[in-house]
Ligand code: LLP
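The data below hold one chain only, encoded as structure tokens and taken in the form predicted alone.
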């Protein structure tokens, strides 16, 4: 991904900075189109993964919709050019003001996560003389194999409506004059690599569809959410996720009704591999048992390792073709006044020196978008592959 000519162009840039490979993003979107959109599936991009304007404009140009989890994300999507009819609004804690933003723009669907939210939405829609299209986000009690902080589909998670609540809620919605129940929605977690979790989701959806059939409720769409993971350990070998197998999982296992549309909400799998965080080595410190490489990027630029114990590949950009075979072990750490500000421990790399550049890979999702100015840090700049042409 990083050739020597490109690295030379990095040298005079102030670090840390985010680097986006737009060509890789476009190739990823082509794969999504080939195996998903061309089969008639509706793909909404999850803005929570990355809300960078250039990234969003490329995604919009590829024909995707938007998946939003806040009122500001709805407004951002509209600003970029996404049509309201392409926007799904999820979130377990929507405020009245955020709901009103969705109503104002007549979005495609409110993915409702509780009985109280459904009741509130009906009241607010009535006040504004609107009819809101809703999908019920159902908690299917599926424990996806992922980090506990990003698992969202088990009964002990805060997300979604419990299956036992559905019959009474479905009857109640029939009496609400300002709601139209158009679909059901699911999201069982993030960074899921074991596709058996999605097999289980399909089986659960098939069971639930029968319940709605019995109540003579015709669902126009099924929204299976997102959560498809990427390969953090080898971002070059697996730069584009296996969308073919992913979409085939649903094609094979999900029993859609006639004219029923299938929707997805993909985020990380689309943008994760196109972004890197470029950083400079400040110091090498020798402890009693540990060799530290202190870099100028920290948890303020990439919080995932501190928050989720995530492991990102780190490339030594000044030594892409080392003349020596010597590999040393480093704890790669940032400058923030927190011990958790650690990217990797005992990580094998060619010898590092002060001033060397490193690339922390697979930062296109939940990198820039989760950044902060903690310690009054200056926000990292952003560069794109076409800036270096």
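This structure is a prediction, so every number in the text was calculated from the model and none was measured. Residue numbers count along the first chain shown, from 1.
As for the form predicted in complex with the named molecule, it is not shown, yet the points below apply to it.
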{"query": "In the predicted bound form, segment of 98 to 106, 172 to 180, 254 to 262, 302 to 310 with a heavy atom within 4.5 Å of the named molecule", "finding": "302 to 310"}
{"query": "Residues 266, 366 and 370 all lining the named molecule in the predicted bound form, heavy atom within 4.5 Å", "finding": "yes"}
{"query": "Partner contact for residue 42 in the predicted bound form: the named molecule, 4.5 angstroms, heavy atom", "finding": "no"}
{"query": "4.5 angstroms heavy atom contact with the named molecule in the predicted bound form for residue 344", "finding": "no"}
{"query": "In the predicted bound form, residue 226 touching the named molecule (heavy atom, 4.5 Å)", "finding": "yes"}
{"query": "4.5 angstroms heavy atom contact with the named molecule in the predicted bound form for residue 276", "finding": "no"}
{"query": "Candidate from 32, 358, 59, 46 lying within 4.5 Å of the named molecule in the predicted bound form - any heavy atom", "finding": "46"}
{"query": "Stretch 62 to 79: residues contacting the named molecule in the predicted bound form, 4.5 Å heavy atom cut-off", "finding": "67"}
